[in-house]
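As a starting point, one isolated chain is supplied in structure tokens, in the form predicted alone.
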């Protein structure tokens, strides 16, 4: 199955080469593309100097825009499936073959889940994840254990949908939308490393609270 690994990158100078090198080593049969989201640091220079396959955006589009650009690239180049893969070093390429197998079995979306077989702890960090899992279940009747995971693989049908339509952000509310349309979503257990460089998009208590509020409202009332 022809697979494209999409790596959105914004200010990932400390990790991007290591991430691409790990993909090349683990999965030489898969292709990759880095979407450089108008980084302000040396990410673009590193991509150029190291000859890494990439697309440079002319303006910062944010995570959703960068990922959608990657999906358009995959669609236009005839890939059977594509996976969003973080450029900060948290995701591990060794789990991708198992995700591909789930696509081959008929899944529309496969989530690399931290909690498919492992239980969430009761830390503050996991409260939001538990709430989103509950809200998704109330809305769709389906349990998604790790709705905020950014490690998602789409089959060709979903690839077309996410590449060509508006409002297909890589967020929990789009999972609710696809579930209501009858999409088959599977989760496989993965391990994720801690971010070693850079800053998370949702770092800080207020940012996390705003994100949670927006997702809950979207799932309950807009999907």
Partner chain sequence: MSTRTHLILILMTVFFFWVLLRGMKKSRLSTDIAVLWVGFLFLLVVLSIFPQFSALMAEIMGIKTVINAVFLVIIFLLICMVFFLCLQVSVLNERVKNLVQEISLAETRTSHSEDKTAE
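Please read these numbers as outputs of a predicted model, since none were measured by experiment. Residue numbers count along the first chain shown, from 1.
A second form of this protein, the form predicted together with its partner chain, is not displayed here; the remarks below concern that form.
With the partner omitted from this view, the residue of 68, 155, 174, 39 that lies near its partner chain in the predicted complex is 68 [heavy atom within 4.5 Å]. 55 is the sole member of 188, 55, 27, 184 with a non-hydrogen atom lying within 4.5 angstroms of its partner chain in the predicted complex. Although the partner is absent here, residue 98 sits far enough away that none of its heavy atoms falls within 4.5 Å of its partner chain in the predicted complex. In the predicted complex, residue 72 approaches its partner chain with a heavy atom inside 4.5 Å. Among heavy atoms of residue 121, none comes within 4.5 Å of its partner chain in the predicted complex. Not displayed here, its partner chain is kept clear of residue 104 by more than 4.5 Å at the level of heavy atoms in the predicted complex. Partner contact region in the predicted complex: 73-81, out of 106-114, 73-81, 87-95, 134-142, criterion any non-hydrogen atom within 4.5 Å of its partner chain. In the predicted complex, its partner chain lies within 4.5 angstroms of at least one heavy atom of each of the following residues of 158-189: 165, 166, in sequence order.
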